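Form predicted alone, single chain, as structure tokens, below.
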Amino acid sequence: MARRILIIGAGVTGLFTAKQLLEKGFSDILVVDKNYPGSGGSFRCATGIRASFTSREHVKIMLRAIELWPKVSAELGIKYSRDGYLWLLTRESDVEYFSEVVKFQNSLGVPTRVLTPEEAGALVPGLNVSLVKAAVYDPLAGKASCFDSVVNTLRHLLSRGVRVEWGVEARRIRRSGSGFAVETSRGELEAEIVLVAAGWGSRRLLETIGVELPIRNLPKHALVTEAFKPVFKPLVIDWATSSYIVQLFNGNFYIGADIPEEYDVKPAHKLEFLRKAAGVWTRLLPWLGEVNVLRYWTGYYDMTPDHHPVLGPVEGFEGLYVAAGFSGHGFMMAPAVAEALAEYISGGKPGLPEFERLRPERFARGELIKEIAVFG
């Protein structure tokens, strides 16, 4: 089944999809990236993987991703562990709200449960439980190495004849014969099938062929500390402050915290972020005050109005597909997304009907989906 497929974007979504297409018998595959593989959100993410969301679409798709992560990690040598998520609730109103969220998640097969402050403290040594009203624990959640996911998949693809080229910026798409021609910084590329998986750049690129996507870039901030022996396993979220912390596989603590930002502006380092991140987590974990920060970086969430990705065929353009607008959750759902995209490209439909609700045309039809848990 030698059909030229062009994938624009060498993040984890594009690379995992190329792997799935190989397994379906497609052989003539080219992946391009304007920078280098993983240079977007894939190398900046918090590594977390969970199904504890508040929409059926996210929950069902992430449950499938959690089924696939052990298989993918074993095949490609990706570090993966199911260490859980812990949501800290410091306000009584949040305890009431999350009791209903847990019921919803349990109804769909996610085994979240409410914990006492003392039970949360047992999972996170040194936690200042006096600040915690309750917690929600998701034992099904976990984390995977974003570095392994990109680099090991890249090696796998190259060893099997997939071409992956970086420093190639896709600038324009147009119809050409039975397929498409893509103007790039290194000349024109033709393909029967094109998958646009380039984050916010997907919006700009699809505009050149007359397709509008409501994707906007929202700056995000994260820091990483020096490494220590294992201290706690779950990724921990402070719901009230939209902040999170996770200890990575190499022992570093990765910390993120939301601060007010405007869409579509160039991200900049801000003392406001450092103050918030340090303030939140030294109150909840006082021993962190003795830990040194090694690096601080910025990136983007490519956001949609309903905080769900844009996935699947582009209506009116046979052979053109999109996977973008993940709103911070692209890494965790990548195995399930890649599986679904490979089904679409093969001429079928994904096994999960929830994917059909994420197609690009939902915005024009006003069929938006609600999701509020858009960090971590």
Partner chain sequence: MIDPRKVIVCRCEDVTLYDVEKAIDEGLTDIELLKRKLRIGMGPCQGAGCLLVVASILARKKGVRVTDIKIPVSRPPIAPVQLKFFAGSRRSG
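Numbering follows the first chain given and starts at 1. Quick caveat, the model's predicted, so the values are computed rather than measured.
What comes next is about the form predicted in complex with the partner chain, which does not appear here.
Only one segment in the set 125-133, 143-151, 232-240, 190-198 has any non-hydrogen atom within 4.5 angstroms of the partner chain in the model of the complex, and it is 143-151. Between the options 181, 95, 158, 259, the residue in contact with the partner chain in the model of the complex by a heavy atom within 4.5 angstroms is 158. Between the partner chain and the residues 100, 212, 118, 290, the one pair within 4.5 Å by heavy atoms in the model of the complex involves 290.
Taking the partner from elsewhere, residue 321 is found to have every heavy atom lying beyond 4.5 Å of the partner chain in the model of the complex.
At least one heavy atom of residue 282 is located within 4.5 Å of the partner chain in the model of the complex. Within 4.5 Å of any heavy atom of the partner chain in the model of the complex lies no heavy atom of residue 170. The partner chain in the model of the complex comes within 4.5 Å of a heavy atom belonging to residue 36. The three residues 44, 269 and 297 all sit with a heavy atom within 4.5 Å of the partner chain in the model of the complex. Interface residues of 230-267, taken as those with a heavy atom within 4.5 Å of the partner chain in the model of the complex (partner not displayed): 250, 252, 255, in sequence order.
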